[in-house]
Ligand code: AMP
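The chain below stands alone and is given as C-alpha cells, in the form predicted alone.
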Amino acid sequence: MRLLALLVLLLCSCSHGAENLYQRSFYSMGSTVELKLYSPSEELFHRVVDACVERTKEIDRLFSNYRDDSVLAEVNRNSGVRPVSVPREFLHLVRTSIRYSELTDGAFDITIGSLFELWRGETASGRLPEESRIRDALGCTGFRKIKIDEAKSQVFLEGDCVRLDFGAIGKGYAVDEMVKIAKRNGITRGLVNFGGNIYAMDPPAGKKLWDVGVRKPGSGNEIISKIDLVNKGVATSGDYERYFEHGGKRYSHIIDPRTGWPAEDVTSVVVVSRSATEADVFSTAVSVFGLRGARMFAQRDKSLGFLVIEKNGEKKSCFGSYVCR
C-alpha cells in the first residue's frame, strides 16, 4: 500500500572498523523487503535476514487478507457470528489499531475492509461504486464495532459485514519487528525498507545521520526535500502511482473510512515518527485529512513530522519535527 518515494543518499559500502555493509532482499506480503545492515560478519547478517524472513511469514499468517487460513480471515468470517480466539500478538495489533483510530479521529480505521472490497471490485470493472452501495459499506465500518475480550484473548466484530484490513499498519509493524531482530543480534546500524515503510537505525560509523531524499511525485529521481534520520520510522502515501481514473478524474487508492470516498486533498505525504508502525498509520491519516490533519497531529504530538505535497506536485508544507530543506 505504500509508495517508495524515498532515496537514501548516504550509504557507504566500505568497512567501518569491524563492520561491513551487507544487503539482501526478499519478497513478502505482496512487497519487497530490503535490508541494508552493517554487521561484523556476513554469517551473522544472513542469520538475521533468515530470521526476518520467518518473522514476516508469521505476521502474514496472522494478518493477511489474501489467505483463507490467516487469523484475520477467521475473524472476518465470523463477523457478527461469534467471538474468535486469537493469538496475543493479533489482539495486541487490534488494540493498537483502535488506539490509533481514536488518535486520528477515525481517519485510520482497520474496519475499512468492506469499503476496500467494494472499491476494488467496482474500479476493476471500470466504474465507480453507486452511492447506495457506499452507504451500505459505511454501515459495515467503524472501529467501535470491534469488541475485545482481554481475559479470553478473543475478538468479536459487531455486524455480519464488518471486515478488518491491516493494510495501513501491517508493513510498518513488520519493519519494527525486523529491527528488533537485528538489534537483539547486536546489529544497530542500517536500514530496513518494506515497500516504502522504512526504519533508519544508527547511521554508518563516523556519521551522525542518514541523509534521505524525498522524490518529487512522478519525477523519477528528482529530489524535492531531504530528511535527516536516526532511529526513526518514515512512511509515504500518495495518489500518483496507485490510482483509478474515471470521467477524467483521478481517484486515490486511499479510502476515507468516514465518507467511503477516496482521499483527494494531497498528492503525497511523508511522515517521520518514533516507529515505522506509527509512521505507516499517520501517512494514511494525513492523506485523508490533508494539510489540516498534518497541522493538527503535529500539534498533538511534537515527535511527529510531516511533509505534505499538494496536488500540483510543486508546493510542499512541513509540520512538526519535519524541517523543510
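What you see is a predicted model, and the numbers here were worked out from it, not measured in a lab. Start at 1 with the first residue shown and count on from there.
Just so you know, the form predicted in complex with this ligand exists too; it's not on screen, but the next bit is about it.
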**OP:** Note which of Val86, Ile187, Ala107, Leu191 lies within 4.5 Å of this ligand in the predicted bound form, where distance is taken over heavy atoms; exactly one does.
**Re:** Ala107
Original post:
So which of Ile255, Ala174, Val234, Ala182 reaches within 4.5 angstroms of this ligand in the predicted bound form, heavy atom to heavy atom?
Top reply: Ile255
Original post:
Thinking of this ligand in the predicted bound form, which stretch from 54-62, 40-48, 277-285, 27-35 has heavy atoms inside 4.5 Å of it?
Top reply: 277-285
Original post:
Is Ala168 close to this ligand in the predicted bound form, meaning a heavy atom pair under 4.5 Å apart or at it?
Top reply: yes
**OP:** Considering only heavy atoms, tell me if Leu157 and this ligand come within 4.5 Å of each other in the predicted bound form.
**Re:** no
Original post:
Using 4.5 Å between non-hydrogen atoms, is Met178 touching this ligand in the predicted bound form?
Top reply: no
Original post:
Using heavy atoms and a 4.5 Å limit, would one call Ile112 a contact residue for this ligand in the predicted bound form?
Top reply: yes
Original post:
Which residues within 47-67 place at least one heavy atom within 4.5 Å of this ligand in the predicted bound form?
Top reply: none
